[in-house]
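In the block that follows, a single chain appears as structure tokens, in the form predicted on its own.
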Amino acid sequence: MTDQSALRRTPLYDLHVAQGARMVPFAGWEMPVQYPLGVMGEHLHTRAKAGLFDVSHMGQVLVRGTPGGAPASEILETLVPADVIGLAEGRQRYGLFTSEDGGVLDDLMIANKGDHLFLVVNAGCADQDIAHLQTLDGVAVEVVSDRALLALQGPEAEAVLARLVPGAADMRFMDVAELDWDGATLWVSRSGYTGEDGFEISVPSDRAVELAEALLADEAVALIGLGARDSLRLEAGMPLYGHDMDLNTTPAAAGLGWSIPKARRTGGPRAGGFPGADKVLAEIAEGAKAIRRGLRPEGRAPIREGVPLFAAETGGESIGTVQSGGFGPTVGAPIASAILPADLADGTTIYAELRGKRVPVTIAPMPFVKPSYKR
């Protein structure tokens, strides 16, 4: 049982409660899982208009090079197999922390803000990630504790935010900028985790409720909880740490080899040099034996995390386990993902074992819905 008194609360906690949110423990925080609109309604609202998410539980970290030393980007590449050196100022990139065994410690966003890097890491991994960063020589690691983080996602997100912060409309997908809103400096990125166009907005904690209320004053905006956030990201084919990847999952198996560019791969000008590089790069070069795949179960019953998968309707050993699963409101059907043998083609029928009965499941390409980023 979770000790409620030990859970942390974001600056928006009272707003969530006042808006009728059902609060649940999540990664050490007390977070809204849904509002009176319900998970299905919140999901569809985000796809049609604009959803406002409180993601203040995620870790925000600044990394700066020390005077006279190497740039922070060069040093961070010793932990992250992304092209950090090549990341232009005002741009953001997805990356991974890897272990010495080639597993995934966490995924993160990296923004180049000129004289420093701004990182956003998962809530449940934040303490581990910060300790990992603090092993680096030649950089100063600063945990941001005085800012909240909001995400505004959906086809009307640009119009909504631009009414308050006109400069937001000029940003492209994965741009980052500091924009003024009524005297407060917002750290804005044009990104998110729903497959929709949208923004993530770091705001001083003492202005977070005020900004959220200003956004909610727009009739296009509704508060969205963790339940719909999960179905939105699953439809978008986005992996979630702790479900679709972890210490026992390599980047290639998680389907994240794309996040390791040629410059960091074998034969590239800055190949390797990060934890687990030998295993990670060899697997990318040779192809992983098992890789994350999309699943479309027959019928309307979702298949959830932990459900075993089989190649045949009867007998045989399990070939994998569902890692994320649920109903996709936009798809209008159950969807899921699992790491399965790489030689199984899209369209192959396999079977999920539910309460002793095997149900046909088709291997399907991801994402399940087409992203709508502004590039």
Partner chain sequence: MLRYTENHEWLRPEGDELVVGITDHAAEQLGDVVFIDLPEVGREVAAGDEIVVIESVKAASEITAPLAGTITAVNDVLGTDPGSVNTDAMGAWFFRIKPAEAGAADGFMDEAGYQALIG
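Not measured: the values here are computed from a predicted model. Numbering follows the first chain given and starts at 1.
From this point on, the text means the form predicted in complex with its partner chain, which you will not see here.
- Proximity of R358 to its partner chain in the predicted bound form falls outside the 4.5 Å heavy atom cutoff.
- Its partner chain is not shown here, and in the predicted bound form it never comes within 4.5 Å of any heavy atom of A285.
- Its partner chain in the predicted bound form comes within 4.5 Å of no heavy atom belonging to R172.
- At the 4.5 Å threshold, heavy atoms of F327 reach its partner chain in the predicted bound form.
- The contact with its partner chain in the predicted bound form, taken as any heavy atom within 4.5 Å, belongs to R304 out of R265, R304, R147, K279.
- When you look in the predicted bound form, the only residue of G69, G38, G347, G315 with a non-hydrogen atom within 4.5 Å of its partner chain is G38.
- Not one of H45, R47 and Q323 is positioned with any heavy atom within 4.5 Å of its partner chain in the predicted bound form.
- Stretch 296-304 is the answer when you ask which of 70-78, 87-95, 296-304, 172-180 has residues with heavy atoms within 4.5 Å of its partner chain in the predicted bound form.
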